[in-house]
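In the form predicted on its own, a lone chain appears below as structure tokens.
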Amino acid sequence: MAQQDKKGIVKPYGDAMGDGAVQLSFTLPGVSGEIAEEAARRLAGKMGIDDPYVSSCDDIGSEMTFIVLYGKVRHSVDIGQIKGFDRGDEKIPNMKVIDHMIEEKLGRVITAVGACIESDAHTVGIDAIMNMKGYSGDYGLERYKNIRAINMGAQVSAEEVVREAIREKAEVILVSQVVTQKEVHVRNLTRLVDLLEAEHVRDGVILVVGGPRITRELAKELGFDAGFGRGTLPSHVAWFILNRLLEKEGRA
């Protein structure tokens, strides 16, 4: 939890308002026991964490020690200085309302192609957004009458996605990236953008990426129109697509 005062200053909260309490977990290689604990405490101090307390220090094999640590941060954040993000108070319409608005305001069916690209075999995210049953009671894009959702599945090459989007005259490309070790997701996503630009179709599609490690900032930096992280529902994506298309056509 976090503390927020009247001026919009936010600081982590644990036992008492403004105490700055945080929990941190990480793995230390090559050390164990008391040395690992002391190393963790010293590392926390360098991070600006006061009163570090190691609650667990577990040997997980291969000379690795998993640390869970508690402490208190000294700093706070002024959320008034954060621009360009929703405050979480926008009410997203449900599927029926969005579907009706697509028909009424756009007057056509939107074609959306989606896939987990390259080596990524985790379809949970893309399926949650595209499959008819959706996620958490929120119906997926396949359920919309005015969205033609083409789910290409997992381990689809960037070239295949681009070919399918061109063949189907897609207005939207949705990609999911769960595997993020060694920044492989960044390389995959950058390559997709490069291929779209090489085919001179980047400006003609709305490009959306989702995944647990995806942020709006990262998506924008890599050349995507939007990035969706944890907790995203199909209606969030559909609402973004509709509004972006209306904006592109000067109808927003």
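All of these numbers come straight from a predicted model, not from anything done at the bench. So that there is no doubt, residue numbering starts at 1 and follows the sequence shown. The term rigid core refers to the maximal set of C-alpha atoms that superpose within 1.5 Å between the two forms.
Just so you know, the form predicted in complex with a further copy of the same chain exists too; it's not on screen, but the next bit is about it.
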Practice task
Kindly confirm or deny that 97, 146 and 186 each have some heavy atom within 4.5 angstroms of a further copy of the same chain in the predicted bound form.
Solution key: no
Practice task
Mark residue 167 yes when one of its heavy atoms lies within 4.5 Å of a heavy atom of a further copy of the same chain in the predicted bound form, and no otherwise.
Solution key: no
Practice task
Give a yes/no on whether residue 49 approaches a further copy of the same chain to within 4.5 Å in the predicted bound form, heavy atoms considered.
Solution key: yes
Problem - Interface membership of residue 200, a further copy of the same chain in the predicted bound form, 4.5 Å heavy atom rule - result: no
Exercise for the section: Mark residue 132 yes when one of its heavy atoms lies within 4.5 Å of a heavy atom of a further copy of the same chain in the predicted bound form, and no otherwise. Expected result: no
Completion exercise
The one residue among 77, 109, 92, 101 placing a heavy atom within 4.5 Å of a further copy of the same chain in the predicted bound form is 77
Practice task
Any residue of 224-250 with a heavy atom within 4.5 Å of a further copy of the same chain in the predicted bound form counts; write them all down in order.
Solution key: 230
Handout entry: Threshold 2 Å Cα movement between the shown form and the other one at residue 134, rigid core reference
Key = no
Practice task
Superpose the two forms on their rigid core, then report whether the C-alpha of residue 28 is displaced by 2 angstroms or more between the shown form and the other one.
Solution key: yes
Practice task
Using a superposition on the rigid core, decide whether the Cα position of residue 101 changes by 2 angstroms or more between the shown form and the other one.
Solution key: no
